[in-house]
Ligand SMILES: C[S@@+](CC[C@H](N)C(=O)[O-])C[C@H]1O[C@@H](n2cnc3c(N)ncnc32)[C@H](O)[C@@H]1O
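Quick heads-up: it's one chain on its own, the form predicted on its own, in structure tokens.
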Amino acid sequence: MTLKELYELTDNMLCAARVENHRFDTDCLFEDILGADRVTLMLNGGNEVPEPDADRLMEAAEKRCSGEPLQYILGTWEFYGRKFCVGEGVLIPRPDTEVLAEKVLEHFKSVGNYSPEICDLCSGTGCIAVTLKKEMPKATVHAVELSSEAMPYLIKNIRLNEADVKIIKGDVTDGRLLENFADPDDIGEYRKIDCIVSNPPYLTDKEMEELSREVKHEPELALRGGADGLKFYRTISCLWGEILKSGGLLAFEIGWEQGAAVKEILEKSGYKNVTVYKDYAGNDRVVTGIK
């Protein structure tokens, strides 16, 4: 089978399986598995593809047709210009989450603090924690993650990107985790840090029942945010606010319909200058507040 014939077969398979962006996915599979981009296809479309390579491509295409996310099949995905390993058991980094990282970076630039201490809750792949550390090399960054399935990806991505991020394993709703920030000079007190950032689970129970087949492959632990999707916002804003400095930043990613509700939670918890920011599609995506 020629390269062109294999491309057409793959794209037709994905199209028939109703893969939304089938042409983009076909391009990604060809470039990742065969090292063939569009230019290669144009120049060498008549070349025969070795059978083992064609078999690997077909196996990947069948996985995609069954609903397995493209990112899991490829094994890596880009976030803020860097590669992150992904796979079963960890949430896939999304472009909208880059807005969260951008707003944190903008905040510290505006206040002239280039060596803040930051805690990234529900870290998953570590894309936020790693990005903040790489963009602010003098920062101290902690990544908190509960999932044993996600943890290997977090560790691998920290190493892959050569980022000095400190890992804390545990449930962000467990107050005992705050002991990691105990003040050595003041028994019973916590030392204060500059920022809490989180992309927590925020889907409602109803939304969990209506997930697309691709998203159903991602871990429920990283998606389900309680009956109304707001469980983690309530908990984090109060519990983790204990270790946040006066003037410190709390920054959340939110679902596109949650802007008003999360803003109210932060304001009722005593945060000031609470602001809702939109993503690249014009939807509410990030809420920040100052303690």
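This structure is a prediction, so every number in the text was calculated from the model and none was measured. Don't overthink the numbering: it's just position in the shown sequence, from 1.
Omitted here: the form predicted in complex with the named molecule. The next part is about that form.
Chemist: When the named molecule is placed as it is in the predicted bound form, which of 70-78, 192-200, 108-116, 159-167 ends up with heavy atoms within 4.5 Å of it?
Modeler: Within 4.5 Å of the partner lies stretch 192-200.
Chemist: Which residue, 130, 139, 122, 104, is the contact with the named molecule in the predicted bound form, using a 4.5 Å heavy atom cutoff?
Modeler: In short, 122.
Chemist: Would you say all of 204, 251 and 257 touch the named molecule in the predicted bound form, counting a heavy atom within 4.5 Å as a touch?
Modeler: No, the whole trio is out of contact, none within 4.5 Å by any heavy atom.
Chemist: Would residue 171 count as touching the named molecule in the predicted bound form under a 4.5 Å heavy atom rule?
Modeler: So residue 171 counts as contacting the named molecule.
Chemist: So in the predicted bound form, does any heavy atom of residue 222 sit within 4.5 Å of the named molecule?
Modeler: Yes - in the predicted bound form, heavy atoms of residue 222 and the named molecule come within 4.5 Å of each other.
Chemist: Is there a heavy atom of residue 146 lying 4.5 Å or less from a heavy atom of the named molecule in the predicted bound form?
Modeler: Yes - in the predicted bound form, heavy atoms of residue 146 and the named molecule come within 4.5 Å of each other.
Chemist: Across 225-239, which residues bring a heavy atom to within 4.5 Å of the named molecule in the predicted bound form?
Modeler: Going through 225-239 in order - heavy atoms within 4.5 Å of the named molecule in the predicted bound form - there is one hit, 232.
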